[in-house]
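Single chain ahead, by itself, as structure tokens, in the form predicted on its own.
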Amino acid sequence: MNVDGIVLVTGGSRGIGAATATLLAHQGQRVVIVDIAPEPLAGTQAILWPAPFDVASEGAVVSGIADIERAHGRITGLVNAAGVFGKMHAAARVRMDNWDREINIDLRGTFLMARSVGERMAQRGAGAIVNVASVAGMTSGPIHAYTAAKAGVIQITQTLAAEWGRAGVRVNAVSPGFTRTVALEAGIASGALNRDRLVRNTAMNRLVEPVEVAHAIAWLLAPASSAVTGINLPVDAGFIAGSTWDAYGGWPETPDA
């Protein structure tokens, strides 16, 4: 990541996007955040793009990226954190308008942003992109559009990394596990999700904190990961590692300290 440019964070007003923008700004990066419902981040130097930004609209993305670079300078880092999470349903109950909305924002939006920014980076010979996928894209669950979209994000990450690697652009993904965002807490409060169920199959027996995902993203943007491209990094408190242990009777008792 080039320190004389900016880092653009989509979905930057809330959740993992907000945590990432805050961390990067505190690290001294020049950060611009965009969001469909833009709100400033208190206590940071992150710059809010004041107009609603629709990542699923090709016209809005192309013109918006050009406007942002004219106003704030070239984009040397991109974090695609904008996304929506659908309702849990059996396949027969999935409404296709909801399916289309999730695919459009989570997958189409990620691709449009990565393409629009990545082509500019490739012409300049440098840049780093991090796409926020999910462990849902690596497993199965009754969130049919979301799992499909996030699996697609993982795939396009690898493909774009291969396409732009020789042009000096790195493209990686992080796959958060169950992360303690406001949205997740609201799901728990409503009864749609159960905290014990969310944590009991993780090796670390806990939720992920948004800032823990942000630290992984910051590393993938930084020169410290200069030879890393095309990977999908789970940040999941050991959900993937631990998800099968219940079938074998669970975990051994932790010895007393």
Ligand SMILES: NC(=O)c1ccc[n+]([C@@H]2O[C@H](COP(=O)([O-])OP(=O)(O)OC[C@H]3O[C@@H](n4cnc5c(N)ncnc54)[C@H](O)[C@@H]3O)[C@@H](O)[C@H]2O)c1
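Heads up: residue numbers just count along the shown sequence, starting at 1. No experiment lies behind these values; they were computed from the predicted model shown.
Another form exists, predicted together with this ligand; not displayed. Remarks below refer to it.
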Given that the partner is absent here, state which listed stretch (64-72, 23-31, 50-58, 223-231) has heavy atoms within 4.5 Å of this ligand in the predicted bound form. 50-58
126, 171 and 219 each touching this ligand in the predicted bound form (heavy atom, 4.5 Å): no
Taking this ligand as it sits in the predicted bound form, is residue 183 near enough to touch it, meaning that at least one heavy atom pair lies within 4.5 angstroms? yes
For residue 145, is any heavy atom within 4.5 Å of this ligand in the predicted bound form, or not? no
Is there any non-hydrogen atom of residue 82 lying within 4.5 Å of this ligand in the predicted bound form? yes
Is there a heavy atom of residue 111 lying 4.5 Å or less from a heavy atom of this ligand in the predicted bound form? no
Looking at 36, 211, 203, 188, which has any heavy atom no more than 4.5 Å from this ligand in the predicted bound form? 36
Hey, which residues along 120-134 are within 4.5 angstroms of this ligand in the predicted bound form, non-hydrogen atoms only? 132, 133, 134
